[in-house]
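We begin with a single chain expressed as structure tokens, specifically the form predicted alone.
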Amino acid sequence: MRKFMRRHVLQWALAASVTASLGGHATAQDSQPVKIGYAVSKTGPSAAGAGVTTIPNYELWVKDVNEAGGLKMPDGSQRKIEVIEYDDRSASDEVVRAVERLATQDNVDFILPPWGTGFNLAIAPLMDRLGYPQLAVTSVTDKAPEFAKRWKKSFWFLGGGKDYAEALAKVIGDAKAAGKVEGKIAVVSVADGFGIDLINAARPAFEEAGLEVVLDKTYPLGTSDFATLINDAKGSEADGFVAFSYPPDTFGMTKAAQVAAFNPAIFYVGVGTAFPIYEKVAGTDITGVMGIGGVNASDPKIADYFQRHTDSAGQPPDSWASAITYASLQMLQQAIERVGVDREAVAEELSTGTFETILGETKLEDNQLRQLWWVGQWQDGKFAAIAPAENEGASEPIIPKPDWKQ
């Protein structure tokens, strides 16, 4: 495992620089970094998601904190961050082993979460047993309320499948009521926890919204050829296509739909739609494509974050979980500033405190973030939030989606 680890020993001369800046009054505490570890997918099928949503935000946050002098402690001192990271190679057993190593051998102060619902669920019992707060940012699960009660130091930031499915059903149902679509839906879903949660919630939500599901198929994780699924959807005469998919699937289905000239009035694909690379995958004619998430692009805090992320990573963040990931780190930082590196106290502060983040004033409800966007759509070159429609900054949906140009 060690060959998959990269230890970031700070390039700053910690003790020397702090001593100099404080005129020789630095304490031993100042010279000791706060050790933060994580295991995340740098290789394997999950690397695409982790490389957009998770890793760049971890790196940006560490850079921001260290360039500002480090994490502020309640006693007035500052301690810079030292990172220890592992590649989990997109494998659940690897991420579990890495987390145990971080806690028991590397003795890190805090452990940041991996990318993806499955990996966060895999480490949750271990994180709880080891006593580490778990910021399960990139985890969509309807069992979040149950998990938050079971593992009291776990925090869930992306809501559940029911939230996303019901919001999407309302968008399509409203379009049907307005005479923009007939409401015949072809839906496909990846056969893992994420896809199962979404499709199980979508079936009753679509029915309640008066929509007819004319195709309902699942596909195995790791599928790479989507031509048959897309042709089946096209043959179903659906005027709405919905895929609860992961990034490689999202990209593959989009290309397959373009090749097949499949042009339903509603084209919704899952994780990856909000990624900046989606425009390169789909080409310039992505206006009207819907997917999970969205951001209020007119919010100055979000605009500033997008610019700083772009400057740091060389590309914009995704327009869904990236900002939430960075906000979760701001919450962790502020909790540490208030109570120090005591993990029990930090977990309590995260659970009960109110924080200023790029999302605005942020407070968890029963260890869950509920201030979320559920549906987004590409409009004017940005993945804009369209639901909940009543939220400030929501954009009006474009329905029907313009036909593919290629």
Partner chain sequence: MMSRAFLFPIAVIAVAGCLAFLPSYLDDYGIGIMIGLLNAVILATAWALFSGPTGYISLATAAFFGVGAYTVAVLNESVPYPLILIAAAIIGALVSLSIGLATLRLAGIYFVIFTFGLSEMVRQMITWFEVNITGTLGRYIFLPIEPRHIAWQLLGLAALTLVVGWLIRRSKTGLALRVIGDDEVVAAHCGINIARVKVLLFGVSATLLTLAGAIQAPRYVYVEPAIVFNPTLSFLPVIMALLGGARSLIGPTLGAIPLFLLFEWLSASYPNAYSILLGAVFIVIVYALPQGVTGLIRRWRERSASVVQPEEAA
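In this text, all values refer to a predicted model and were calculated from it rather than measured experimentally. Under this definition, the rigid core comprises the largest set of C-alpha atoms superposing within 1.5 Å between the forms. Residue numbers count along the first chain shown, from 1.
Just so you know, the form predicted in complex with its partner chain exists too; it's not on screen, but the next bit is about it.
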(request) Please check if Phe155 has a heavy atom lying within 4.5 Å of any heavy atom of its partner chain in the model of the complex. (result) no
(message) Whether Glu182 contacts its partner chain in the model of the complex should be assessed with a 4.5 Å heavy atom distance threshold; does it?
(response) no
(message) Taking its partner chain as it sits in the model of the complex, is Phe110 in contact with it (heavy atom to heavy atom, 4.5 Å or less)?
(response) no
(message) Check Gly118 for me: does it contact its partner chain in the model of the complex (non-hydrogen atoms, 4.5 angstroms)?
(response) yes
(request) Could you work out which of Thr310, Asn200, Thr228, Thr284 is the residue within 4.5 angstroms of its partner chain in the model of the complex, going by heavy atoms? (result) Asn200
(request) Only one of Arg89, Lys255, Lys176, Lys170 comes within 4.5 Å of its partner chain in the model of the complex by heavy atoms, so just point that one out. (result) Arg89
(request) Using heavy atoms only and a 4.5 Å cut-off, decide whether all three of Pro276, Leu350 and Thr352 touch its partner chain in the model of the complex. (result) no
(message) I need the one stretch from 267 to 275, 302 to 310, 73 to 81, 89 to 97 whose residues put non-hydrogen atoms within 4.5 angstroms of its partner chain in the model of the complex.
(response) 89 to 97
(message) Heavy atom within 4.5 Å of its partner chain in the model of the complex: which residues of 167 to 196 meet that condition, in order?
(response) Ala191, Asp192, Gly193, Ile196
(message) Given a superposition on the rigid core, I'd like a yes or no on whether Gly193 shifts its C-alpha by 2 Å or more between this form and the one not shown.
(response) yes
